[in-house]
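Given as structure tokens, the chain that follows is alone and in the form predicted on its own.
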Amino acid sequence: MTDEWIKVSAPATTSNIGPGYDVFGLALKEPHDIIEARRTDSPGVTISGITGNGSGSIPLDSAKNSAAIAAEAVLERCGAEFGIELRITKGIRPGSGIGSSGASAAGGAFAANILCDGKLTKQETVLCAAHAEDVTSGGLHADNVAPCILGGFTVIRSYEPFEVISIDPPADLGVVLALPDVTVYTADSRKVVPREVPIRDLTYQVGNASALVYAMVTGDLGLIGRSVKDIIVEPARTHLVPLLKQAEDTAMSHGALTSFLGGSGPCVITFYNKKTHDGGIIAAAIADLYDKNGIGCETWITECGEGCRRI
């Protein structure tokens, strides 16, 4: 077996995006994780090192690590007769709401598929990564791993049978990430999601979700802003993120198209028009809000990005 290392970049993602709980996802240009992988003669997947942002909280145990679980799923699906060694460099803090475990899972699956000579389709690779999310986050959801692998804006049409659609988002859609110094773990955040909702709320969500997909396809930024509405999931999670509504209001007062809770939180995501507004102003205003309330806040001014890639 060759011992040549390959290196994969796996981007941060935002999921749900208003009304699209467990359905919508968006790949971001930054930040990202780096997954290094090589074949080994011994079966199974081992992790020889984890460094970077929040690495101390991530298990080296392959049975509990999303990158390793996803890589193992690829090996099994491909019938590989070799094992894989992984090294992980975290650029995405765990518990951030921008797909930290999803990036590791997607990167692990993507790298493993390269070592298996690309036997799996991208959708099959997404499924392997989603399996890891199921194990580590307490529920099968592909809304982070799908955009992380496919890039752009993704829609999970169905989980059984699995089908995901990828859409190129508008070029002028800017994204601000504001990550307060608070940790919210996906498994905990999923516990507060309502199990039953009134039919009128479901109708409201479906209408906005449908309009958001249309707006992404047509490039209608105004409609994107009007359609990122959620009256079911985000309200149930608001108490987990200090100053969430104030941060969203701050973004809107500085020209944002919309501002919402990223994934399970605590990251606050803001969409803006890159042609008409300055993402740096929005980011600084949100960071200042948190600073004045004694909470640190890291920000990125970014945009929609491509999926996993070999570097």
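For every residue, the number given is its place in the sequence shown, counted from 1. None of these values were measured; they are calculated from a predicted model.
A second form of this protein, the form predicted together with L-homoserine, is not displayed here; the remarks below concern that form.
Trainee: Any of the heavy atoms of S264 lying within 4.5 Å of L-homoserine in the predicted bound form?
Mentor: Heavy-atom contact with L-homoserine at 4.5 Å: present for S264.
Trainee: So, W300 and L-homoserine: in the predicted bound form, are they within 4.5 Å at any heavy atom pair?
Mentor: No, W300 sits far enough from L-homoserine in the predicted bound form that none of its heavy atoms falls within 4.5 Å.
Trainee: H141: heavy atom within 4.5 Å of L-homoserine in the predicted bound form?
Mentor: Output for H141 is yes: heavy atoms within 4.5 Å of L-homoserine.
Trainee: Should T186 be counted as a contact of L-homoserine in the predicted bound form, where contact means heavy atoms within 4.5 Å?
Mentor: Although L-homoserine is absent here, T186 would touch it in the predicted bound form, with heavy atoms inside 4.5 Å.
Trainee: If you check R87, R190, K122, R77 against L-homoserine in the predicted bound form, which one has a heavy atom within 4.5 Å?
Mentor: Looking at the other structure, the residue within range turns out to be R190.
Trainee: Though the partner is not shown here, which residues of 203 to 231 have a heavy atom within 4.5 Å of L-homoserine in the predicted bound form?
Mentor: Stretch hits: zero.
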